[in-house]
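Below, in structure tokens: the form predicted alone, a single chain.
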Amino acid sequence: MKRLPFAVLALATLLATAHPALSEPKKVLRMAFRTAETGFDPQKVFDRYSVGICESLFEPLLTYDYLARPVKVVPLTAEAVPQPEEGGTRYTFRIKPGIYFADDPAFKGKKRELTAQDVAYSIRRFRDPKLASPYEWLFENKLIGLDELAEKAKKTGTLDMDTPIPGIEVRDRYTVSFKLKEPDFNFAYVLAMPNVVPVAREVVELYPDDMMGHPVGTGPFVLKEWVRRSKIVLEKNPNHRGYELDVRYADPNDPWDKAAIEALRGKRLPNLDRVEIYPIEEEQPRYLAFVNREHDILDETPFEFIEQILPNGKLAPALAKQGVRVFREEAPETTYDLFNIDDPTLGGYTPEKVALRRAMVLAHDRDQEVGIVRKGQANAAQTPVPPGVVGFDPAFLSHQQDHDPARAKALLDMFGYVDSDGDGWRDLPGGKPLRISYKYNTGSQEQRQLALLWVKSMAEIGIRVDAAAVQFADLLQDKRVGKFQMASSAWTADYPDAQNFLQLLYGPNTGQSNEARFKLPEYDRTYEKSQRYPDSPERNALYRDMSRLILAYAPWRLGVHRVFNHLQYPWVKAYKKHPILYTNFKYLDIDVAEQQAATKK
């Protein structure tokens, strides 16, 4: 063995000491999103994938414990989870001192600390008409004085960010208190949403037209690179204070919990240096990127490959041999198909309009959707509320959404939807043609199959439906402004309460989350009444009443609650899928040596 000269050894030692990054390989996680993102302004975005990135860039006052099941709200930038005051109409937060935003030219070379004013500014921002936030409904008719500011802003075009209001009281540098108009026992959940996060006013004012591309938060990662709809790169935020895994609520018998605790013991989070995300809407290349070890995680395994991956419910031997693990998740989400209630053909509340929608619901073959398209990886929804959230009622069953073409035909005949001109297709009462357009997200084989199922199911009862594929971002916008007749949709829990799903049909939320544009006074009154109750039998009874109204007026065809299978290679450490938060990059770790050895094979 040759000996190196002393000078060379000294230089190598010096480099390793002075620049440890040169000697330590980077921990890089790569994965795909199944749909493209839209941007990273937390008060502006509402698609799951963009919000999932915001989870890593920003930090709300509260969040969810990583391991606790059922989920548990815990403080993040706040010192504690506040207790409701004044009968559930006041919540007071104290922010932890010493939390800093990531560096940005907006701060002119100075460190910028998070303060209560940032929280107050960000809440007001939801009501700024210039922003047109899809989550404005979170703070409508909620905080004393904020509705009045919003009304003035509609006339002037600009929301007053400075005049004090009783509903948002900044008591000192670190304390903010919210005064609500009515009791709301879910308000803490709202303050744990990845959208309801503080942003710095200087940043918003420096990038007024491109906040989607300039996210600056206090989170554990920063946006390093963004090629729209193609590549998102996050890197560790050098300013971040770091976390430690909280194990208080871990289940000692849960193997995922035990593995996470073991992997993160004694480590300061985050561990990853870099995260690369590639939106891939086609399912085959997304699947192949994982199989070829180009990606470390396969999130939401495509249903069309489920039989190759999990034959007879067990992981395929070839994957098991590589140490691949599968996390099965019954997601707290609901899929549905919307009827546009403002549409002159499908919409309205008169008996013949309701009959048309109910007939279409009866004719749609949901059993084929579950068995063939989703390969059995879903459960038929009985109400909008999925299992796993407060207010879900497992005893609530209804036959109004069963597949029954004979009843559908009888209903259409009864209300005059018959073939008037003999062309083989039903017409509207009065004889005008009945033809309906169904919009769905392009790029996904699953979505194409679901759209064709609608075409086929309606043809069997004589209704002509045309399926139209559109880009995901365009579909979101079309639904928001009511530019559709029927469209596919889905909602994943922002917080674990039925209210989060039932608000999707609350009339004042039209143009935001109420994509069906359903406006039924009885439903709205019941929804408003339910907000005044904490979790209780009285509130659950109101939730059931709302579900019955949805079934009766049929603004939706209820879909399914999907079951997802998430795959990871063995070098991904501390993985555990969270029901509410989407990405959780800050908790993951990579065994680089194992990763490199496997990818060289």
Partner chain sequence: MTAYVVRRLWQMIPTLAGVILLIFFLFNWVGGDPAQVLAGKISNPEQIANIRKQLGVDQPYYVQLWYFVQQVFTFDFGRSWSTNEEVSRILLTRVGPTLTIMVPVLIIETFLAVIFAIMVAYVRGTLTDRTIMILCTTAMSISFLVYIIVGQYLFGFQWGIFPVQGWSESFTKNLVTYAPLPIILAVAVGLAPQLRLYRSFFLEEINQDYVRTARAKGLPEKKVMMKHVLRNALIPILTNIGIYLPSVFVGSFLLEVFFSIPGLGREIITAVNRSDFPVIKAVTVYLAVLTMIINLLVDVMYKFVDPRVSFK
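By rigid core we mean the largest C-alpha set that fits within 1.5 Å across both forms. Because the structure is a prediction, the values reported are computed rather than measured. Residue numbers count along the first chain shown, from 1.
Keep in mind that the form predicted in complex with the partner chain is missing from the display, and what follows is about it.
Partner contact region in the model of the complex: 474-482, out of 401-409, 474-482, 522-530, 378-386, criterion any non-hydrogen atom within 4.5 Å of the partner chain. Taking the partner from elsewhere, every residue among Thr38, Arg228 and Ile280 has a non-hydrogen atom within 4.5 angstroms of the partner chain in the model of the complex. With a 4.5 Å cutoff on heavy atoms, Trp137 counts as touching the partner chain in the model of the complex. Taking the partner from elsewhere, Arg241 is found to have every heavy atom lying beyond 4.5 Å of the partner chain in the model of the complex. Contact annotation: Ser488 falls outside 4.5 Å of the partner chain in the model of the complex, judged by heavy atom distances.
When contacts are judged by a 4.5 Å heavy atom cut-off, His295 counts as touching the partner chain in the model of the complex. Between the partner chain and the residues Ser457, Gln447, Gln512, Thr115, the one pair within 4.5 Å by heavy atoms in the model of the complex involves Gln512. Distance criterion of 4.5 Å from any heavy atom to the partner chain in the model of the complex singles out Val291 from the list Val291, Leu453, Val390, Ala467.
Heavy atoms closer than or equal to 4.5 Å to the partner chain in the model of the complex belong, across 487-507, to the residues Trp491, Thr492, Asp494, Gln503, ordered by sequence position. Once the rigid core is used as the reference frame, the Cα position of Thr92 differs between this form and the one not shown by less than 2 Å. With a cut-off of 2 Å and the rigid core superposed, Arg201 has a Cα displacement that falls short of the cut-off between this form and the one not shown.
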